[in-house]
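Quick setup: one chain, the form predicted on its own, written in structure tokens, and binding and motion questions come after.
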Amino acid sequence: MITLDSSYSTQTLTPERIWLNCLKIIKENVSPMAYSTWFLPIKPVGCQNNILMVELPGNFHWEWIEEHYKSLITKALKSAAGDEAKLEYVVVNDFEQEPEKTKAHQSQQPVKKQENSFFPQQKPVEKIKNSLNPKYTFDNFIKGEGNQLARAAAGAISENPGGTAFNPFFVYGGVGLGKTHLIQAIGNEILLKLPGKKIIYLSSDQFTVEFLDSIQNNKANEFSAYYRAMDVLILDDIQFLIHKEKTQEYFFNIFNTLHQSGKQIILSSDKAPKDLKGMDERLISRFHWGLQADIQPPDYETRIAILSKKANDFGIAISNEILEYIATNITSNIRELEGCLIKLLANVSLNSKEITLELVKKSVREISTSKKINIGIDIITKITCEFLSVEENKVRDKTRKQEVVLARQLSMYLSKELTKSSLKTIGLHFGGRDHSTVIHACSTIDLLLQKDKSFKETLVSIKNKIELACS
């Protein structure tokens, strides 16, 4: 127990009573969410020589308390136990399961970890590999009617990340319309203006892979702490978190921490939040906290501007007549416009051909008649299960029923054939299975195709349905 000096009080207080008095003061000075998240988990565990010892659930918790609430705790402790009282944190190690004591003296000097600390070694945030493509900038993002709102909001965010009403910033739209370009441009602009900011960009597939790796290596808390330490989190293709309940749960907690501390969250999706079926309703509600901005296919004038800019970047001299022909005949997305120019560039540089209207017509014809397929693992699984009359959620379970196993293996096989996803990513979509399971599934299907002609017909029928659905 702490015996208070005579100038403060003559009473003797238990650690529990002192900390309870501290909490009363703290509760009046923080939001209810901050109080329940950061202070209720703290437990008083003892006291000695005017030092109150409290237990924290992990290293990240300790660092957050020290960075954001040190002065408040100091004030509360002095009020509850006198000016001579000091605090000592007992941090329960998340990985070694051994506690570490860290004295939080009432001076203004930052708390330092001891060399023999049991704290887990986190990724050094000063050396973050943010994965931003430096080519994606605002300068080469062509503005038009279809992206006007999204572009304006992106500019405002880059000037004051986390300080606008656009948090989170949720960009959505079809394939090839520039979502990835825009959200990465925000990150690049922030780095240019505020080089000290900790920014990370990644796809939701990559986020899921890293999360499951952390689970397998007993480093889930370290994973969570790493992303909570960011100033700007940019997550692409958020729709790929659908049906990944555990990943969504961790992302939900990371989202809450970042948003509560005024850090910027930027998300992209091929659908509006309300259309993300299979996403946690709590997440969807949070996506609506900020701004949702859709990007529409570019209009004629924007297509001309994009073609002119891309042609200049590629070093191709193209007449207005040819630009107008391409813009008139390729209307669906920016990626196809760029694809047409790349075809022309290949013909000019590799075959020494001049750019004529006939050559352009041929390139446009090839692009416009080819199948525009954007196949994902989820749609492959859905159509395969429907075809085989198997409940889709069953293929993610551990059941060994023959019909379910076949549907799972066939879905894995088609995912490997029709997408660019890694074996590891494919396995994650089927209940977190590893790459060796996917290899086994593909080998099994290959054997069936060799032995059973009717099975080969089944496979072709499923592929046709998938390609038809995605064309």
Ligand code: ADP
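Numbers follow the displayed sequence, beginning with 1. What you see is a predicted model; the values in this text were computed from it and never measured.
Keep in mind the form predicted together with the ligand is missing from the figure; the text below concerns it.
- Taking the partner from elsewhere, G187 is found to have every heavy atom lying beyond 4.5 Å of the ligand in the model of the complex.
- With a 4.5 Å cutoff on heavy atoms, R396 does not count as touching the ligand in the model of the complex; it lies far away.
- The ligand in the model of the complex is not approached by S203, whose heavy atoms all lie more than 4.5 angstroms from it.
- When the ligand is considered in the model of the complex, E392 lies well away from it, no heavy atom lying within 4.5 Å.
- Partner contact region in the model of the complex: 173-181, out of 240-248, 173-181, 319-327, 375-383, criterion any non-hydrogen atom within 4.5 Å of the ligand.
- The three marked residues, E67, M230 and S261, fail to reach the ligand in the model of the complex, with no heavy atom of any inside 4.5 Å.
- Of the listed positions (K78, K193, K361, R335), a single one reaches within 4.5 angstroms of the ligand by any non-hydrogen atom in the model of the complex, namely R335.
- Note on contacts: among A85, I73, C340, I306, the single residue with a heavy atom within 4.5 Å of the ligand in the model of the complex is I306.
- Scanning 437-467 for heavy atoms within 4.5 Å of the ligand in the model of the complex gives no residues at all.
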